[in-house]
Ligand SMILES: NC(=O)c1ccc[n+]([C@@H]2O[C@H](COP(=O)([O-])OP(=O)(O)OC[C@H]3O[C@@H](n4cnc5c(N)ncnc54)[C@H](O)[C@@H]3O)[C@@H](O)[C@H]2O)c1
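Take a look at this single chain, the form predicted on its own, given in structure tokens.
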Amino acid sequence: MDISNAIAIVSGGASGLGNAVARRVIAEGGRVAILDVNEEQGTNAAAELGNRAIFIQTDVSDEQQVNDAVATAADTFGGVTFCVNCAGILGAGRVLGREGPMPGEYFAKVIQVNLIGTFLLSKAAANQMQNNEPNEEGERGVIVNTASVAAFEGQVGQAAYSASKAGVAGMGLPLAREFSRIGVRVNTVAPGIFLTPMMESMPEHIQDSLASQVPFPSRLGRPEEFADLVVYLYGNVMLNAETIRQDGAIRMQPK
């Protein structure tokens, strides 16, 4: 797939990793629909990217909103060829905390946004992509989902988050196998510790401590590096059903 012709939908595209992807797609000549719950950030992000970008306020945990957003993006740009799921919430908290056991509804909310939200957008995007004319390789579209190293080495306090991201990673292979009949590839990126707005809000000494745990390079990941990998996945037809760690060889400790 040629990124210069991409019509992308990026959830969580108003900031952080998603915004880096949106910026990269625009820089390469493609078009982007930014999906995000934050109206102010999303509107500003789309305005900064110019007339090849639009913002659609969307709660990815709401199926109707997701379906409507994909339809709007397809109507605006004439289709969808690329879907990148970056929307998510941290959901940090101990299962047995100081104030008592974690409420089930809290755990469910994290699953609803991170896992079910990824499923809903992937499903809606693939449904749209199957209408595309295939390229010479038979491709009609590409989906890239975002897991986390927490899917494999969840720390204390990450039970909900790790479960949601492990679900995202586990969903990749069956989706890729099913969507192969319509020429749609599915890959997953599992980032380590990246310098996102959430991380930037932490004290500098905490950022330095986290960076020192990364074997090489001993620093936090840059959102642009995440975007580099996502765009590469779009262009390499032999990469399908993969979950790729992008983490500087870090393996998270219990806490």
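Throughout, we count residues from 1 along the sequence that is shown. Bear in mind the structure is a predicted one, so any value in this text is a computation, not a measurement.
The protein also exists as the form predicted in complex with the ligand; that form is not presented, and the subsequent description refers to it.
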- prompt: Though only this chain appears here, would P197 touch the ligand in the predicted complex if you measure heavy atom gaps against 4.5 Å?
  reply: yes
query: At the 4.5 Å heavy atom threshold, is G30 in contact with the ligand in the predicted complex?
result: no
field: Partner proximity in the predicted complex: S162 to the ligand, non-hydrogen atom cutoff 4.5 Å
entry: no
message: in the predicted complex, does V25 come within 4.5 Å of the ligand, counting heavy atoms only?
response: no
- prompt: Quick check: do A8, I116 and I143 each get a heavy atom within 4.5 Å of the ligand in the predicted complex?
  reply: no
statement: Interface check vs the ligand in the predicted complex: of Q207, N44, N67, N38, the one with a heavy atom inside 4.5 Å is N38
- prompt: Which residues, if any, of 178-196 lie within 4.5 Å of the ligand in the predicted complex when only heavy atoms count?
  reply: P191, G192, I193, F194, T196
